[in-house]
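Single chain ahead, by itself, as C-alpha cells, in the form predicted alone.
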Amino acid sequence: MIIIGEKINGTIPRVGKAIAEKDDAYIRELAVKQAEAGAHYIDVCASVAPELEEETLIWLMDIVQDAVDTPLCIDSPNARMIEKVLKHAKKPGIINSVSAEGDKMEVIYPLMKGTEWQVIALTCDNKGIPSDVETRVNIARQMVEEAAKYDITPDRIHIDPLVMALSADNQSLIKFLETMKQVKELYPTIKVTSGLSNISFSMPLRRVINQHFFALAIYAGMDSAIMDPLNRDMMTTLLATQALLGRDRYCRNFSNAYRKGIIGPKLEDRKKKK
C-alpha cells in the first residue's frame, strides 16, 4: 500500500495557522513525523487565497524537501498553479490532481511527458461527480487514453473513483469497488487510490466507518491511500489487513510497527506499565 501523507493541508486549522504565521518548525515536524510513520509521499496543499497560493506552495515544498527525502505530492485544484510550482520539486513525485474537467488534462499531461511524475486522476468531468459506475469508468478510460498521447503509461496513474458519503448513497462503497474492479480489468497496471474520510460524512462513529472502508478497499485491490499516517487506528487497520491477506511475510511489518510504537499503545505508555 502506497501511503500519501495528508497532514500538510491548509484546510486543517492548525496547519492553516502555521501557514499564516510562517511557522517553519511546525511544517517541518509534520513532514518528519509522517515520513517516520511510513509515508511514501508527502502531500502539500496550501488552501489559501488564490493570490497567495503560489508563494505558499513553494514555501511548503521547500520546507518539506529540506526536512525529508520523501517525494512530494503537489496538491492544487488549479492545474495552472501546479504548472507554476512543479519546477521547485527536487525529484518526481505525484501531481494531485487531474480530471476530465476543463483543460486540466491539456495542462497536466504535458508536464509529465518524458518524466517519472505520477498523477492522481479524479473520475469527474464538467458535469461533476457521476453517481453511476459506468460513467466513472468511461471518464477513467478517457483520462488514460489521453495520457497515452503523452507517453504516460497506466502504471503512473492513480485513479480515484471518488467515494461518496454513505449517508447520502447507501451504495457508495459498492460503486467504488465496482469502479475499481472494472478499471483494473481495463488497465491491469493502473493504481487506484482514495481519501478515507468522505465515506463517513454526517455519520456517527466516523472512525469506525473509515477503518472498515479501508480494510474492504485494501482487500478489493486499492493500491494507495491519501491518509494520515499518524492516525494509529488507520495504520493498525492497514497493517493488520495486509498481514491477514498474506501480504506481510511472517507479519514482519506489523510486528516492527508495534515495536516502534506506530501501532498499539504508545511506547511511553508501555514503559509506564512496566
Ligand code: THG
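Source: prediction; values computed, not measured. The numbering used is simple: start at 1 and walk along the sequence shown.
In what follows, reference is made to the form predicted together with the named molecule, a form of this protein that is not presented.
Only one segment in the set 226-234, 212-220, 240-248, 51-59 has any non-hydrogen atom within 4.5 angstroms of the named molecule in the predicted complex, and it is 226-234. With the partner omitted here, the residue from Met180, Met143, Leu72, Leu122 that has a non-hydrogen atom within 4.5 angstroms of the named molecule in the predicted complex is Leu122. Although the partner is absent here, Asn138 lies well away from the named molecule in the predicted complex, with no heavy atom inside 4.5 Å.
Remark: Arg207 counts among the residues lining the named molecule in the predicted complex, judged by a heavy atom distance of 4.5 Å or less. Using a 4.5 Å cutoff between non-hydrogen atoms, Ser167 does not count as a contact of the named molecule in the predicted complex. Of the heavy atoms in Asn198, some are within 4.5 Å of the named molecule in the predicted complex. In sequence order, Asn9, Ile12 are the residues of 9-32 having a heavy atom within 4.5 Å of the named molecule in the predicted complex; the partner itself is omitted from this view.
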